[in-house]
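A single chain, nothing else alongside it, follows as structure tokens in the form predicted alone.
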Amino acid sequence: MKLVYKTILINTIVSISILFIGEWSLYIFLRQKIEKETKEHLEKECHYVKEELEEGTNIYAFGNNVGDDVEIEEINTLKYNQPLIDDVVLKEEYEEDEKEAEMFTSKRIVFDVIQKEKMYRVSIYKTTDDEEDITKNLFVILVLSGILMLLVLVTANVFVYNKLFSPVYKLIQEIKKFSIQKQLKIIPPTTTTKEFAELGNIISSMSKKNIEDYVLMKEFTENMAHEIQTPIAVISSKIEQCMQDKHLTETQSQLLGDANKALNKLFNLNKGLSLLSKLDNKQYTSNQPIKINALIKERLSYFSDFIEDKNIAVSENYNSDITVNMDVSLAETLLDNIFKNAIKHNFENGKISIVTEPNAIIISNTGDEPTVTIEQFFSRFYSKNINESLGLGLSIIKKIIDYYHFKITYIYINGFHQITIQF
């Protein structure tokens, strides 16, 4: 959920809670106030009746001018020496044109009096239906006005918060579009809000620093890869000249051979790390449609001598013609590294199987059962035998797969190392 709507939701919940508590409290207060005033009115009526009786007024003279209704009955024993106030429901007398009697909620004060040696029980009634109706209607009005106020508040909040946070949304869009390869720094949106302006400036400065670091690293990698080729070529030439010397001893020849192997590893290491660096920096952008089946046949032909040296049987089963948008050099590197591993870690008289399926290729080769976890195979510099390989091959494969958002899986099944690439 967006910050704006989360903030509005919290404000709305708080407002509803305050509104509910406030309106309910007001409703309870009004009811209590009306009830209190009704009791006070009945007590005044009771006091008035008693005073009039003490002055000799006829007991039946209060029928029309006290309360909403008065009942007077003669009694034998006194029960209500002190006035009692309670709630009662009165039933209106049937009228000729009415099917049902109407019910009225009332408050009643009951008290006993003595006049001329006779005892009377007086009940004075005060109808409370009108006051209840007024209170309920007022409560409904408050609720409706509160709902209307909430709607206005939410609408205003949506508009205000969207307007307030619009610089943040613009900044997020700038961050999403930011690409370090394009070397365009993030431009902070114009805003009068101090915190948002500070945030935009900081992110803009960070993007500028990242671009500068990227440019420096790219230049360093390119210069390193280029400059190291010259001394490697010179050393290789000198070693070759020395190995042509007829006066070399066997020990010297062995040492020069080891040096030449180490130099070749250094050359391959420089080439592999340069490729990984370019992949990390997303420098391969010249994609074009590549027919995978044709490329597989081409790269197999390239490794034909190595395959014949180990007398490896290769089976090819092209069930689907696959076309993928990739950089040509990366596609070749991907297949070359897979085939190189399949040949190098295979047995003499081993087997290699190549199968293409819709949007996938499966390459299997015989070999020793792995003794480490599958995750280690794709780790940089991992090698089964450090003296035979740099351990960059599978790492490069994984990097190219990730670069194009493909999927690669590896299993060892029935004596075969099986790699599946899904495009």
Partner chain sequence: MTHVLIVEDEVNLAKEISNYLIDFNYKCTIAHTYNNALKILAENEFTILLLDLKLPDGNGLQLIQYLKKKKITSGIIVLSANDELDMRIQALDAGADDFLTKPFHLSELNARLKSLIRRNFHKGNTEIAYNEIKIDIDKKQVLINDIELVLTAKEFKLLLYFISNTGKVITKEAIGYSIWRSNSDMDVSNEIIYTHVKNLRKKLIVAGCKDYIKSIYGVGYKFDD
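For clarity, every value in this text was computed on a predicted model and none was experimentally measured. By rigid core we mean the largest C-alpha set that fits within 1.5 Å across both forms. Numbering follows the first chain given and starts at 1.
Missing here is the form predicted together with the partner chain; even so, the following discussion is about that form.
- Think of it this way: in the predicted complex, the partner chain has a heavy atom of just one of 340, 291, 108, 208 within 4.5 Å, and the residue is 340.
- Among 214, 169, 303, 347, the residue placing a heavy atom within 4.5 Å of the partner chain in the predicted complex is 303.
- Proximity to the partner chain in the predicted complex, taken as heavy atoms within 4.5 Å, picks out 231-239 from the listed stretches 231-239, 197-205, 139-147, 181-189.
- At a distance threshold of 4.5 angstroms between non-hydrogen atoms, residue 336 is in contact with the partner chain in the predicted complex.
- In the predicted complex, none of the heavy atoms of residue 120 sits within 4.5 Å of a heavy atom of the partner chain.
- At the 4.5 Å threshold, heavy atoms of residue 85 stay clear of the partner chain in the predicted complex, well away from it.
- Taking the partner from the other structure, the partner chain in the predicted complex has a heavy atom within 4.5 Å of a heavy atom of residue 226.
- Contact with the partner chain in the predicted complex holds for all three of 243, 261 and 268, each having a heavy atom within 4.5 Å.
- Residues of 307-332 placing a heavy atom within 4.5 Å of the partner chain in the predicted complex: 309 alone.
- The Cα position of residue 164 differs by less than 2 Å between the shown form and the other one after fitting on the rigid core.
- Relative to the superposed rigid core, residue 302 undergoes a CA displacement of at least 2 Å between the shown form and the other one.
- Put the two forms on the same core and the Cα of residue 77 is off by less than 2 Å between the shown form and the other one.
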